[in-house]
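The chain that follows stands alone, in the form predicted alone, written as structure tokens.
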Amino acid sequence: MSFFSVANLGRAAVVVGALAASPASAVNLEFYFPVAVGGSAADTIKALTAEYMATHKGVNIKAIYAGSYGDASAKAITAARGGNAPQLSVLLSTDMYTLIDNDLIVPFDDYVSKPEMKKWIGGFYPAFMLNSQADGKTWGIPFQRSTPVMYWNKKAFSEAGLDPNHAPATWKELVSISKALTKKNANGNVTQWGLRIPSAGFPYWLFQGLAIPNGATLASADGKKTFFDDPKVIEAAQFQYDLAHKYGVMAPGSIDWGATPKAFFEGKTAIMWTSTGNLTNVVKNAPFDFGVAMLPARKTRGAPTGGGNFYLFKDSTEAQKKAAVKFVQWITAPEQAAKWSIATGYVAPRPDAWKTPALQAYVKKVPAALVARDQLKYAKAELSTYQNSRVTKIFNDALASVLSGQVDAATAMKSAQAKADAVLKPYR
């Protein structure tokens, strides 16, 4: 997910590393990276890339900050189709089927040994590999990965007479606690909402935080079929609508993703759902004590995974591919993964990273960092299919029509399923 913009970088390309001419024998790599990510991401990438080049003299890496995830994906695909592909890109894990379908990437498996397959690729959390592997091959390597989590304002809880150390653990508690937290002024206008679940930005992603605990799956593992008309999906859509229109604990209509942390800091909402990639931002900017919890359960706990993978582009030399894989192995190794997680709030994607002294010291200071990691045992794949942008737009439009009250949940989801079927039929 694209989570919190790094200040003062804009969308201009930034070159990491020395600008002097490279030796003729050096391997030159271009690396597309989305700038709109959590915390001090760009500075950390710059430092890590410089560190790698300092110890690998034969490799020069130009990191190109390409804007949001959407911008980075569009630029990488356009460059690849024009014969000027980067060798590496960090793009959404959900871009996997689109990149495969366009024959733009190659699997990492072809460039690692069998021992490395087991130790390196086999060492990532299984939940993150759900959006990284297909047809028995590894197309993406988890890097800046996440799950949505629930943040709550402990001061607001205390003022409402609630236990500040107890977050809503079920849908029923989510409603009752959010009711207690919703404040109105003398004119009847809401001054503090109990809950804020963004529905503009990545609507399907946070919706999966309701659907998965309700036992629903939005798409098949092979990316060829959706289940939007499943009664469990319809029930989750109805519940999201009811939070605003029946229970009155959330603002009606569209709720913006990017403005949500600010609304939380300013006391306009007492609970927010957003990415764990916003954790460092919240730690630095929340003017009150806060807590972080897993998303509330219905039939079970559950949440989607999210965030970005490294992809290895096809249009490069064998020497570049080999050098790119070595760089990805290094930057996802425990020590570097720990630095990245601490700097940004993203989930270190390997269990061994959590055993490093740096992360062990960090979680003692910021125990909330463990919530997203622990939620992985309940996590499922983020919605990803062939023709993914078309299919997710179909779903997002259907959900928007439900939340605006234009169409009932059952009608909207059945229509969305029919449209998705038409798009995906050629792939079955």
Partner chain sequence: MRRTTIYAWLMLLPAMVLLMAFTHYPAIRTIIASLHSTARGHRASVFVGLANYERLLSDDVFKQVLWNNLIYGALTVPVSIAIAISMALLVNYKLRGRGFVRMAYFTPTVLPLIAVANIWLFFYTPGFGLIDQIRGMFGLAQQNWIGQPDTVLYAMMVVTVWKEAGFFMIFYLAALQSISPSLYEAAAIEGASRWTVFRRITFPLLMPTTLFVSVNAAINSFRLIDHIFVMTGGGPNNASSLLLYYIYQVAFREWDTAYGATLTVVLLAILLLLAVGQFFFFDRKVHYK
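Residue numbers count along the first chain shown, from 1. Just so it is clear, the model here is predicted, and its values are computed rather than measured.
There is also a form predicted in complex with its partner chain; it is not shown, and the following applies to it.
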| item | value |
| --- | --- |
| Residues Ser176, Lys179 and Val283 all lining its partner chain in the model of the complex, heavy atom within 4.5 Å | no |
| Gly253 within 4.5 Å of its partner chain in the model of the complex, heavy atoms | yes |
| 4.5 Å heavy atom contact, Phe313 to its partner chain in the model of the complex | no |
| Any non-hydrogen atom of Lys154 within 4.5 angstroms of its partner chain in the model of the complex | no |
| Contact flag, Ala400 vs its partner chain in the model of the complex, heavy atom cut 4.5 Å | yes |
| Stretch in contact in the model of the complex with its partner chain, which is absent here, among 45-53, 362-370, 65-73, 377-385 (heavy atoms within 4.5 Å) | 65-73 |
| Heavy atom within 4.5 Å of its partner chain in the model of the complex - the one residue of Leu130, Ala358, Ala160, Val190 that qualifies | Val190 |
| Heavy atom within 4.5 Å of its partner chain in the model of the complex - the one residue of Glu266, Glu318, Asp135, Asp110 that qualifies | Glu266 |
| Interface residues of 383-399 toward its partner chain, as seen in the model of the complex [heavy atoms, 4.5 Å] | Gln387, Ser389, Arg390, Lys393, Asp397 |
